[in-house]
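Quick heads-up: it's one chain on its own, the form predicted alone, in structure tokens.
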Amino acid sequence: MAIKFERVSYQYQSIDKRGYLAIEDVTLSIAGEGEFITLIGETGSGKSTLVQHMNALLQPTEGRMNLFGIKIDKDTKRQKKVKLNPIRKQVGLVFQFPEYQLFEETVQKDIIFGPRNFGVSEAEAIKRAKEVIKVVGLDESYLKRSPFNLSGGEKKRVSIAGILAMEPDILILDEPTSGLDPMGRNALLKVFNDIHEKLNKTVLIITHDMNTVYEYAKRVLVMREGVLVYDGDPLQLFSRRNIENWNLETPEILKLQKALQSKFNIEIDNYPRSKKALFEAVKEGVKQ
């Protein structure tokens, strides 16, 4: 496994020195390729703290991790021989607000910054920039533009391109569709799905959007008050009675499926993951 957590906890230090336990006793494993994962939970449940451990921005105060063969525990900071930069190349983290990652004069300079920092030649870095800008749905003309003159959606795409240029095995995205209209959201989710399927990357998305979880995820992680309370299939998740206790909304497709089944007095045994598949199932049910 590329990422392995064993009973990992993390406590932030507070002014009163009592501390705040952000994640507690988390055990999980994530493969380096082939997974599409969503991480969900209420605000303050520990999601961002959890993913910052995945590329060693934070190290556990209790427990231990193995990130691509590098062992990390609470003593890692004192062990100067442990090199963490290779992890940050293999586990790319895209922050919620692209402004945190964009700072250069041009889009191209922003994208090549990461690869150049990891020793890639300028020519190779520019070649990667031309490739990844297309992967995120923009053309090469954007490379000459200032990142600060782009729309919110374009900035998000450029920040993703900058991480992809480092060729990570795992791509982590913190609330990547927040602030986008439905069309922009769907377009960006298609980009993530293409990255997952065509580039064979493991993609992990932090989101509050249950529609994204239901339509795209192959695996769902649910955080609740710092504890990992669910790790499994999205279909099984939304069939559980306690999703209301976790303050998770029912996806729109499931609500629509229930309404259509009631209206046409039919049963749909499977659970379509898209509106198109749902309407096809309803048509077949009505015919019968």
Partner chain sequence: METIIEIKDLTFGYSSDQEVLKNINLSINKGEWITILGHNGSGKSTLSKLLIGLLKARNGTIRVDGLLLDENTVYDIRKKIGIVFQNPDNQFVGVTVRDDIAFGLENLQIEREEMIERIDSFSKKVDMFEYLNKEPQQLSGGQKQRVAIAGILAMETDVIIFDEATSMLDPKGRRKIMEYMRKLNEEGTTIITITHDMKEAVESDRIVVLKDGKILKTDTSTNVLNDKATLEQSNLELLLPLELLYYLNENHVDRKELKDYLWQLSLSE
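Residue numbers count along the first chain shown, from 1. Here the structure is a predicted model, which is why all the values come from computation and not from measurement.
Note that the form predicted in complex with its partner chain isn't included here; everything after this is about it.
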Among 251 to 259, 26 to 34, 61 to 69, 229 to 237, the region lying within 4.5 Å of its partner chain in the model of the complex by heavy atom distance: 251 to 259
Touches its partner chain in the model of the complex: K275 (any heavy atom, 4.5 Å): yes
Partner contact for A123 in the model of the complex: its partner chain, 4.5 angstroms, heavy atom: no
Proximity of G179 to its partner chain in the model of the complex, heavy atoms at 4.5 Å: yes
Touches its partner chain in the model of the complex: I3 (any heavy atom, 4.5 Å): no
Interface residues of 205 to 238 toward its partner chain, as seen in the model of the complex [heavy atoms, 4.5 Å]: H208
